[in-house]
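Below, in structure tokens: the form predicted alone, a single chain.
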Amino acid sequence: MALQDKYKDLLDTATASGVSDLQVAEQDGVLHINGTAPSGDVKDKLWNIYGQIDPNFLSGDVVMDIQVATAVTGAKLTVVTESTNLNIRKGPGTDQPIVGKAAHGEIVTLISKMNEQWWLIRTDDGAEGYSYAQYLQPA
């Protein structure tokens, strides 16, 4: 099965949800999906569909790099790790690559809540991704 066929629902949803600058390319058995989502909810929806197709994100045949379009004026959160930095990940899960870090005590912006465990956040430096909600509290 071609990867674009396997992930057709994901690609169709990205298009229908208004993901701009959508780029889809298959290289070395991996489907690369890049673009800009109009909101955190759209980004969360895409990750949910990806999770339905590949429940544990284990196949390794997709690299999804979807950013959220505009600076969000969402709730401010404080990183409450014990002493270390908070990992910011490309997707919701510890198996996802780390795309940034937020320091203990740093204030970040909530973009959306994927679920009760994983929240989409953005640092003042522009690092955007999912972090474990247990280490975030209202500022």
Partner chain sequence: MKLRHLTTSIMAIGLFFMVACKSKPKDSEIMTTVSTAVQSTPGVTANVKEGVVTLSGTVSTEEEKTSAEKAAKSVKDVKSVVNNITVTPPPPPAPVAVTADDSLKTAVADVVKDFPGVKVDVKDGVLTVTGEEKADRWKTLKMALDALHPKKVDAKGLKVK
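Residue numbers count along the first chain shown, from 1. On a predicted model such as this, the values are computed, not experimentally measured, just so you know.
Heads up, the form predicted together with the partner chain isn't pictured, but that's what we're talking about next.
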Distance check, S59 to the partner chain in the predicted complex, heavy atom within 4.5 Å: yes
So, H32 and the partner chain: in the predicted complex, are they within 4.5 Å at any heavy atom pair? yes
Given that the partner is absent here, does Q117 sit within 4.5 Å of the partner chain in the predicted complex, heavy atoms only? yes
Flag M64 as yes or no: does it have a non-hydrogen atom within 4.5 angstroms of any non-hydrogen atom of the partner chain in the predicted complex? yes
Note that the partner chain is not shown here; using its position in the predicted complex, name the residues of 120-134 with a heavy atom within 4.5 Å of it, in sequence order. Y132, Q134
Q117 to I33, Cα distance in the predicted complex relative to here: closer or farther, by 3 Å or more? closer
Sense of CA distance change between Q134 and Y50 in the predicted complex, threshold 3 Å: closer
